[in-house]
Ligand SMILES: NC(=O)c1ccc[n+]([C@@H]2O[C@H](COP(=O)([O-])OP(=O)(O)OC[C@H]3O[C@@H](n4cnc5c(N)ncnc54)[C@H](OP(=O)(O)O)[C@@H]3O)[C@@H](O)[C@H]2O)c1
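Below, in structure tokens: the form predicted alone, a single chain.
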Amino acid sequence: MLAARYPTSGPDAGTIRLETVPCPEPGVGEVLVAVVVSGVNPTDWKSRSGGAIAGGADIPWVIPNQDGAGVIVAVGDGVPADRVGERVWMWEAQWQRASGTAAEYIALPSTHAVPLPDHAGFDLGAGLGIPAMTAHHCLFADGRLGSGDQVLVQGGAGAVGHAAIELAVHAGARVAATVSGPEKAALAKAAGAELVVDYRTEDVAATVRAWAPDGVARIIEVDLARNIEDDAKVIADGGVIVVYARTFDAVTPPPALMASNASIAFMLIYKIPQTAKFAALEGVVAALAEGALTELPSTRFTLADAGSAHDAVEGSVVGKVLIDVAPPTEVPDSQD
């Protein structure tokens, strides 16, 4: 099969190249998926740079990308044979493993290949995984959002922000989102944000506080160092700020956070307990089944250009970066 992969050591460490490699076989409890679309997340390119989301110890080569969508073409022992032919979306495909979705085939645990509803396309499926599960955990890990609760999503046009808006609205919450321009504002509005604030041209704290006089119950935070002063001004008493992206700058919590009895929680989807992962998965599956999740506009690359796809994510391209692996009408035969 063809796969985009990179060495983990040596002078070319982290350099993605397209190569022909053996097709995997599904082990016990695994399925073999013919990948149609591979989704790229920030942690995918960060792993190549020696970031926190590594493939595991003593792995000389890595096929990247945690998310994707495709069709099950074979199953291992312990997996029902009737799963063959099933359209699926995948999550944490490469976490602590050498092989992700940037390949024509991937063998992975059957629980990480989730049925894709008939109304959902492969592009939507490839964009779920890490972003949607992260968003769900940020929103619901410390309790249910009540109907009418007000939430602020900092960075509402990114993949996590987009999913957070849709999942919060699906739960009956009211959502405000910050963005950095008209194009991103349109995306946040389309996702269901009631209030969209351009932080480059508007006073975020004043605008959000006017919308939520008693403060917001939860803030989904992409850049704590930049936003913490505003967060402290708009968080409700007993509110929670959930941070899902790393900041490299020191953060000094404003005294107002203590006066509000507010909490700051940090999360990394890869490291939360398995029970929490499957709780987030269950929530995403339910929202997807009810049509509550939609796809972002995409920037597309071929498998041969997987390195450029990673560069696009690193460069903060608007929307979702997808890699076309196989056309949905031409899913390759695993025996070829």
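If you're wondering where the values come from, they're calculated on a predicted model, not measured in any experiment. Quick note: we count residues from 1 along the sequence shown, nothing fancier.
What follows is about the form predicted together with the ligand, which we do not show.
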(request) Just give me the single entry in Ile72, Ala173, Val160, Leu116 that has a non-hydrogen atom within 4.5 angstroms of the ligand in the predicted bound form. (result) Val160
(request) Report the residue, out of Pro42, Gly283, Pro26, Gly307, that has at least one non-hydrogen atom within 4.5 angstroms of the ligand in the predicted bound form. (result) Pro42
(request) Tell me, yes or no, whether Val36 is in contact with the ligand in the predicted bound form, where a contact means a heavy atom of each within 4.5 Å. (result) no
(message) in the predicted bound form, is there a heavy atom of the ligand that lies within 4.5 Å of any heavy atom of Gly155, even though the partner is absent here?
(response) yes
(message) At 4.5 Å between heavy atoms, is Thr111 in contact with the ligand in the predicted bound form?
(response) no
(message) Check Arg200 for me: does it contact the ligand in the predicted bound form (non-hydrogen atoms, 4.5 angstroms)?
(response) yes
(request) Quick one: find which of 58-66, 27-35, 286-294, 264-272 has residues within 4.5 Å of the ligand in the predicted bound form by heavy atom distance. (result) 264-272
(message) Check for me whether the ligand, as it appears in the predicted bound form, comes within 4.5 angstroms of all of Ala93, Tyr105 and Lys277 - heavy atoms only.
(response) no
(request) Pull the contact list for 113-147: residues with a heavy atom within 4.5 Å of the ligand in the predicted bound form, in sequence order. (result) Ile130, Thr134
